[in-house]
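Before any questions on how it binds or moves, here is one chain, the form predicted on its own, in structure tokens.
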Amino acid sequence: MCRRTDEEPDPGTDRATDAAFSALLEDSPEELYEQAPCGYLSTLMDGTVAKINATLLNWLGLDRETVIGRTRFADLLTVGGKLYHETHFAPLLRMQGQLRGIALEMRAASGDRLPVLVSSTVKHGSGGEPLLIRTTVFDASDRRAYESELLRRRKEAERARAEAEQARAEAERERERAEQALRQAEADRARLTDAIAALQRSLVPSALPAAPGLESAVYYHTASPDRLGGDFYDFFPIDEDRWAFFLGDVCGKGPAAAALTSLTRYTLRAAALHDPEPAHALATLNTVLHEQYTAAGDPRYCTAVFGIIEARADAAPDHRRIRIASGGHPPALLIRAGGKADFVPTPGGLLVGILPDAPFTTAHTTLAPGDTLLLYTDGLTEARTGPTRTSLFGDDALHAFITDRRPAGPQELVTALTGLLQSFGDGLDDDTALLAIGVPETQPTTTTATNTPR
């Protein structure tokens, strides 16, 4: 609380204050000099110590007798400090007459270094001549430690920043390498896809030829654009009156399957030209595959349907006789003009290439105007259906699908089945080939059959 100005001062309080000041004033100047919180020393102009206080002697661990008149100020410094004193400190002091807050290091008797801040002033006589140098020394250990800590932290921060920059640069390089690798992978994949597509086109005809008095349509679905399909088909003339057709599925995928497909396709074409009897053509293929693979310890096989379609001499000119044989393949489906559909029985027929002498039997049927023969691979009947994709489509469902829709002709049939395949979505996980051959109800102008391979 502030004291009112009109109150009289307390004589007792004033006396106590005066006593405290008197006690302070009792300190002699000599004691204040010796016990000062900083170091004092006076030196001659050549640096010889003429006077030094007890504080600085205690810091350095020295005796007054060994210092006064026997030691120069520079001798109290470290080697680096002495060099700086001689080259900078002393010349500047002589020129300017005073220096303030110069950072030096003094050497204690124990050999320890004492960081200090030094301020010096030259005392001049009445005539202006320099007489001595008065120096004040402050202990800068705490400051040095603080500065060292700051420097350490700064170096750590700079190192951390440099490491962060290096990590960022490395991450950027990794990103660029990843992007380059991705671009390279995409380019490689595109080249691979193109190569696979080109090779796939060499394994199946790009278009079916037009056969007089017949219609044909084909559809080919590959389960993955990155893999070569294992299904194959063909439709080609034997002579003016006979045409051969086949469709099948080799085991495996990829390059090995492609090699097997190529061998199978060209073997069947050659066999058809040599002996067009279907059972004989499949027997020839069986011998080739068995000798090429199974007998060599690498069993490979295929399923296939092979047939010959020809005009009947003993029937109407618009009817066609079909001779057909199967080697372990799903049976062909014959759709009559009225919509009735039946599977063509092909007795016997083992997988082609497994046994050295596999039996094959040729079956016979007839195509009348409006009839269509459908060949397909098991990708169609083994498509997974249902909410959980655990049920197979199956032969019965295929038969019901066709009889319900009664497609007119090969093209309409293949178009309907293509829509069915697309409706399976991810349930269609295998290659699928469709080949339909029929006799039109009215003889059309000969045109190239539709071919929509995928």
Partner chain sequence: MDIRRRNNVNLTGPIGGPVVVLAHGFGCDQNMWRLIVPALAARHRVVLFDFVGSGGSDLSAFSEERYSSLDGYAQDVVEVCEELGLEQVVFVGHSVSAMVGVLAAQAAPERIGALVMVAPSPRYIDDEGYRGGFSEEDIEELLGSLELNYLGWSAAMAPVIMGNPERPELGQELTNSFCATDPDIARVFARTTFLSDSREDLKAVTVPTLVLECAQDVIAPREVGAYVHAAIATSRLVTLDATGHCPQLSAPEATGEAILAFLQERQ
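Between two forms, the rigid core is defined as the largest C-alpha subset superposing within 1.5 Å. This structure is a prediction, so every number in the text was calculated from the model and none was measured. Numbering follows the first chain given and starts at 1.
The discussion below concerns the form predicted together with the partner chain, not included here.
Peer 1: Just to confirm, with a 4.5 Å cut-off on non-hydrogen atoms, which of A160, A316, L151, A187 contacts the partner chain in the model of the complex?
Peer 2: That would be L151.
Peer 1: May I ask you to choose, among I354, A341, V122, A103, the residue with a heavy atom within 4.5 Å of the partner chain in the model of the complex?
Peer 2: Looking at I354, A341, V122, A103 one by one, just A103 meets the 4.5 Å heavy-atom criterion.
Peer 1: Although the partner chain is absent from this view, report whether I238 comes within 4.5 Å of it in the model of the complex, heavy atoms only.
Peer 2: Result no; I238 lies far from the partner chain in the model of the complex.
Peer 1: Quick one: does H280 come within 4.5 Å of the partner chain in the model of the complex, counting heavy atoms only?
Peer 2: Because no heavy atom of H280 falls inside 4.5 Å of the partner chain in the model of the complex, the answer is no.
Peer 1: Does the 4.5 Å heavy atom contact test between R183 and the partner chain in the model of the complex come out positive?
Peer 2: Looking in the model of the complex, residue contacts with the partner chain do not include R183, since no heavy atom lies within 4.5 Å.
Peer 1: At the 4.5 Å heavy atom threshold, is E176 in contact with the partner chain in the model of the complex?
Peer 2: So E176 does not count as contacting the partner chain.
Peer 1: Heavy atoms within 4.5 Å of the partner chain in the model of the complex: which stretch in 91 to 99, 320 to 328, 164 to 172, 256 to 264 meets that?
Peer 2: Flagged stretch: 91 to 99.
Peer 1: Could you pull out the residues of 287 to 307 that have any heavy atom within 4.5 Å of the partner chain in the model of the complex?
Peer 2: Nothing in the stretch sits within 4.5 Å of the partner.
Peer 1: Has the Cα of T48 moved 2 Å or more between the shown form and the other one, judged after a core fit?
Peer 2: Passes the 2 Å threshold, so yes.
Peer 1: Could you check whether the CA atom of G101 moves 2 Å or more between the shown form and the other one, using the rigid core for the fit?
Peer 2: The answer is yes, as the C-alpha of G101 shifts between the shown form and the other one by 2 Å or more after core alignment.
Peer 1: How about P115 - superposed on the rigid core, does its CA move between the shown form and the other one by 2 Å or more?
Peer 2: The answer is yes, as the C-alpha of P115 shifts between the shown form and the other one by 2 Å or more after core alignment.
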